[in-house]
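Take a look at this single chain in structure tokens; it is the form predicted on its own.
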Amino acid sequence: MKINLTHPNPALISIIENPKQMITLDANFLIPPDRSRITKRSIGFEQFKKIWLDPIFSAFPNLAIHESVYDELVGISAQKYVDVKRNSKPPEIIVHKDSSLTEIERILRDTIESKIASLTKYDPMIDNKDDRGEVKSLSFIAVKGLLYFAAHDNNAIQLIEKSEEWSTGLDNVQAIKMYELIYYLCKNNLGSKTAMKMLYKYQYYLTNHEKSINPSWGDFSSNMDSLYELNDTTLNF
């Protein structure tokens, strides 16, 4: 995935100003990345939990996933982790359920879902698993007027950022990328900087192609500082 440092992300600025806003997560924010085809190094769930999940849940008190994303976690370690968070008091994550939609909302959801699905591998007629989580999540939060979708999936991000051009119906949804929250956690000392640097390199700076299109960790950090420096005082950075 190519990192975009051309302009500040209004969604990140808003979340930094008020971390208590609801953020709906895609599955790839909860499942350890696996790039073992490229490198011998792997990230197990316990390590991912320590360096990424625990800091994220510590930083943001109103996280959510759609029930279709929860289905993707069934049978893996992430499910148990999410279940503990769901059952804590107060809950540290909620699950969006389509059964909460009104009849009018369901009609609108179906319309948006149809627009989005045509740009993905998901087919509502057969309800296949490919891209199901992101399509269901995005159509749900669009209907409910929820603003933020955090993802590490280029197509999901494009559905949001090119909503007008592609007529996806996601005009009011805003994307938050993993690298932006890596930066957020670092700047607020909410995670190990060494671990955040490792995760950044694993996700964005591993292959020769990635090294040709994305900044090194040092350049990434300094460029992000420059992008958001005008907000340093108000953002408590």
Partner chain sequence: MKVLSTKKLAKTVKSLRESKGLTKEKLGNLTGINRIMIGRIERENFTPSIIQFEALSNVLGFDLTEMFMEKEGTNSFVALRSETLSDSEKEGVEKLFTMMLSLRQQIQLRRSFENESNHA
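This structure is a prediction, so every number in the text was calculated from the model and none was measured. Numbering follows the first chain given and starts at 1.
Not pictured, yet referred to below: the form predicted together with its partner chain.
- Comparing 31 to 39, 165 to 173, 45 to 53, 184 to 192 against its partner chain in the model of the complex, the single stretch with non-hydrogen atoms within 4.5 angstroms of it is 165 to 173.
- In the model of the complex, its partner chain stays beyond 4.5 Å of every heavy atom belonging to Gln79.
- In the model of the complex, its partner chain stays beyond 4.5 Å of every heavy atom belonging to Asn87.
- At least one heavy atom of Tyr122 is located within 4.5 Å of its partner chain in the model of the complex.
- Although the partner is absent here, Leu138 sits far enough away that none of its heavy atoms falls within 4.5 Å of its partner chain in the model of the complex.
- When you look in the model of the complex, the only residue of Asp71, Asp98, Glu105, Glu92 with a non-hydrogen atom within 4.5 Å of its partner chain is Glu105.
- Although its partner chain is not shown here, in the model of the complex the stretch 112 to 133 places heavy atoms of Ile112, Ser114, Lys115, Ala117, Ser118, Leu119, Thr120, Lys121, Tyr122, Asp123, Met125, Ile126, Asn128, Asp130, Asp131 within 4.5 Å of it, in sequence order.
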